[in-house]
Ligand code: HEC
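The chain below stands alone and is given as structure tokens, in the form predicted on its own.
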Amino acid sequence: MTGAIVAFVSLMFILFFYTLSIFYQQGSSYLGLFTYIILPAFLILGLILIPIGMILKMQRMKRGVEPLEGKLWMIDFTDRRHRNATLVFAFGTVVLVFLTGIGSYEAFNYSESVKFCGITCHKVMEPEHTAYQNSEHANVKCVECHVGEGAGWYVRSKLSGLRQVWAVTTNSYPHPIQTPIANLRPARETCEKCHWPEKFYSAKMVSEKHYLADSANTEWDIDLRMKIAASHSALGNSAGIHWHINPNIKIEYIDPANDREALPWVRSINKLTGDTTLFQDTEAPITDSALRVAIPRTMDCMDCHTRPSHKYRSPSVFIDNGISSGDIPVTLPMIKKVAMDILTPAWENRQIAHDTIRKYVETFYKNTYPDILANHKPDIEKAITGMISGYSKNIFPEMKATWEAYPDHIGHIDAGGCFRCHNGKHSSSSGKVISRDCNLCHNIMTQGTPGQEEIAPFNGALEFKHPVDIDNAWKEMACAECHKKLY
């Protein structure tokens, strides 16, 4: 009876919540959690209790504790009660199997949904979910990249999920969540379902807007021709950036710290000819002890595209974007410097950060530009809102999730990126060096302030000119070595 009551009540709640989900499709993520996972578990528990109760009752009858009610395990269809009970059981089984099929399908879909992945464990996954919503893959389901096709990886992901649920329940997960993820499915089985290595375009134009930390917030633009693949599309990825994942080429590296930041050992293998070249960092070579235990990793998409769907942009980037979009008025003097100064510290939580940003900006203009504060209050309020918005989308102090914790290695400004290998320090025994030449990956077509840009000659390229005069320092060190010191 207890099992029947638990099963019946659970079924009624499942039907009720399912009806709610039909009429309120944008309901809470927890509605699906209860409807397709928690309540079905109670339903199954109730159904299991029914035969257990029957067995216990029969054992009591055999021991004489309860009076014997006819012959055990006998169904007599001449008995009306037996016929009715059998019909009820058969009909109930058919209905239950039908509902179980629907429920299993819905549970599968729900557990594979973005809502389940991003919102159910809100505190832990909020940074990733927020960054995902502002990424190029915002319309791609989480599981398409994190799980992919096939039952095997689906089962593995759910087993891994049990460990993660336990970590959340016991509050034993790290802050921030550690990367890189060791057991992530190979990119060739996920990314390349859409991004075919054989179909990369030969070049791509990229335009960037930057603003200097001076009183005029001077704009500095740069247009790049990115060499995605070879110079002609028919040549595929035989050259250019995506040469690194050419099917005929195998690039391996050893990462002693297991963070993929410093790569002192790199090996290139031509699968067609068998030619192998080993490069080692001459200034910081790998130790013999590390080399003995190391397992080389084969380079794939994720070694450069480290944050394809969960980018945490640095303050410099999201403030530049805010000024470009008009969310932060460029007419406010020193607004870029003000933003960079106040976004440098680390705060305990977002509310403290938001309050401090507001107070700092208002105090700065009150003390330095009182006429601006008096006559352009709406612009200052807009700038504060823009800074807070950029901060909220990219920095999550509660989880310690920031652009520093999760570096994006596409490029080389705020993280090591290309310069992890292309630093001019990796050489082979024959003297061959992994080049530091910027033109391997891109050509600068224009650069400078609007109206005064340098323009490259037709089919040529400009030498990079740093917006602020730092002499030749940019040629001698990685960009991130200096840019990280700005924060």
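Residue positions are given as counts along the sequence shown, with the first one as 1. Values in this document were obtained by computation on a predicted structure and should not be read as measured data.
Note that the form predicted together with this ligand isn't included here; everything after this is about it.
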>> Within 4.5 Å, heavy atoms only: does Y406 come near this ligand in the model of the complex?
In response: yes
> Is there a heavy atom of Y201 no more than 4.5 Å from a heavy atom of this ligand in the model of the complex?
Replying inline: yes
>> So in the model of the complex, is this ligand close enough to H412 to count as touching (4.5 Å, heavy atoms)?
In response: yes
> Does the 4.5 Å heavy atom contact test between S427 and this ligand in the model of the complex come out positive?
Replying inline: no
> Within 4.5 Å of this ligand in the model of the complex, heavy atoms considered, which of K400, H137, R350, H376?
Replying inline: H137
> Which of these residues, L212, L96, I388, A294, gets a heavy atom within 4.5 Å of this ligand in the model of the complex?
Replying inline: L212
>> For the interface check, one of 113-121, 151-159, 98-106, 390-398 should have non-hydrogen atoms within 4.5 Å of this ligand in the model of the complex; which one?
In response: 113-121
>> Heavy atom within 4.5 Å of this ligand in the model of the complex: which residues of 304-333 meet that condition, in order?
In response: C304, H305, T306, R307, P308, S309, H310, Y312, S316, D320
